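Here we start with a single chain on its own, the form predicted alone, put down as structure tokens.
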């Protein structure tokens, strides 16, 4: 619960920074606050405390994901320093990001459906504004408008599903809902299953799973690159942790009624996203479809639930976030004046900035699942979960789509090392960006070499 207090306090502090003229010290204070948040969360390990009449529960699952969100947010702020410096509404954007982190923590720690909805809305409303924060760019305005309209529509599905589940069970509490469902009452079964499926639609939108993904490529492409990185990492972690918490605990006893639907969504997500990514020329749009593809891999754990599913998801999202942040940071620097840069913008990057080329290579290799990087073991554990549960077909499909992914990732790597640069001007970077990239690369390598440090956590 300390995480919610600190992040909320930082958000309020950001709002007051403009009034009391201490905006210059805001950035280091936020960084220290995020580190303190992660540290206090670690200190709460194995406590399992509940708050607000059991509406939030900080068990080890919630603590692990919340600490991961805090660490990824720390790295994101290192990447996004110029986003805040070059904006006239600095303190407002700090507050939006910090309050969205509060929503993310709610989404991984809720034990009441009302808190799930509250967390999603706190997270989403901030993102609607951040997506359109480049006010002079029509693409950014379009991204914000599309995200708002589609997000509102998806929220309607989620709320309708919550209402139906409440009508059947008489409670918003996950534990009580599970008790009623486990008791096996069949009188309201059709209403219950309708509610479950409607909630699935709402949450599938948040993780941008096919066929609820149409907003993602346009929103990712139109938003400022740093905001896209935020949506691709922190939002993805929070959304899927919330998705898994609901279906793996509350609705696990009726999994036979919804698992086939999730399986179809996972298959469509894997196939459509990877094939579509091959045809993208914009690197940011390609990374958007890559993000959708990774949602498909994560959905496999929901299809094949077992005792290591939660750990496999935690490991996967951390490995993915480290690599994705590194990739977006390099894209941000390479295409600073043209955010929708094509693969040709990376031609000869190894000569213009060798370290950036190396960082992008490691990030893309990890996203592609090449050993011994973390991305390989992330997919390995998820495939193991599915294989042990008897879902051999979906594992084979996931392997094939991973091979398709290698093609579009290697297109960027080939451009960086084997093609002549369009310009010989070195890529200018800040020390903070280099530090952030070093941390991401070390995380990708260390997690790949020592996967048990995460897999055995929860």
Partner chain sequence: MTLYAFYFISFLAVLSALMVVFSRNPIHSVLYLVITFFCVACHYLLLNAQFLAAVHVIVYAGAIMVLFLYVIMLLNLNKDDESQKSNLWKAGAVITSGLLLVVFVGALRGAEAESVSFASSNNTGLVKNLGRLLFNEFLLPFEIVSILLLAAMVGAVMLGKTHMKRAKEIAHEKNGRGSVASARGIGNIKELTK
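Please read all numbers here as calculations on a predicted model, not as lab measurements. Numbering follows the first chain given and starts at 1.
Below, we turn to the form predicted together with the partner chain, even though it does not appear here.
Among 341, 75, 96, 265, the residue placing a heavy atom within 4.5 Å of the partner chain in the model of the complex is 96. Proximity to the partner chain in the model of the complex, taken as a non-hydrogen atom within 4.5 angstroms, holds for one residue of 380, 258, 355, 166, which is 166. Stretch 107-115 is the contacting one of 219-227, 345-353, 107-115, 317-325, since its residues have non-hydrogen atoms within 4.5 Å of the partner chain in the model of the complex. Although the partner is absent from the chain shown here, 52, 55 and 126 each have a heavy atom within 4.5 Å of the partner chain in the model of the complex.
Put simply, residue 251 is far from the partner chain in the model of the complex: not one heavy atom of it is within 4.5 Å. Taking the partner from elsewhere, residue 183 is found to have every heavy atom lying beyond 4.5 Å of the partner chain in the model of the complex. When contacts are judged by a 4.5 Å heavy atom cut-off, residue 271 does not count as touching the partner chain in the model of the complex. In the model of the complex, at least one heavy atom of residue 160 sits within 4.5 Å of a heavy atom of the partner chain. Contact residues in stretch 1-38 (any heavy atom within 4.5 Å of the partner chain, taken in the model of the complex) are 1, 8, 12, 15.
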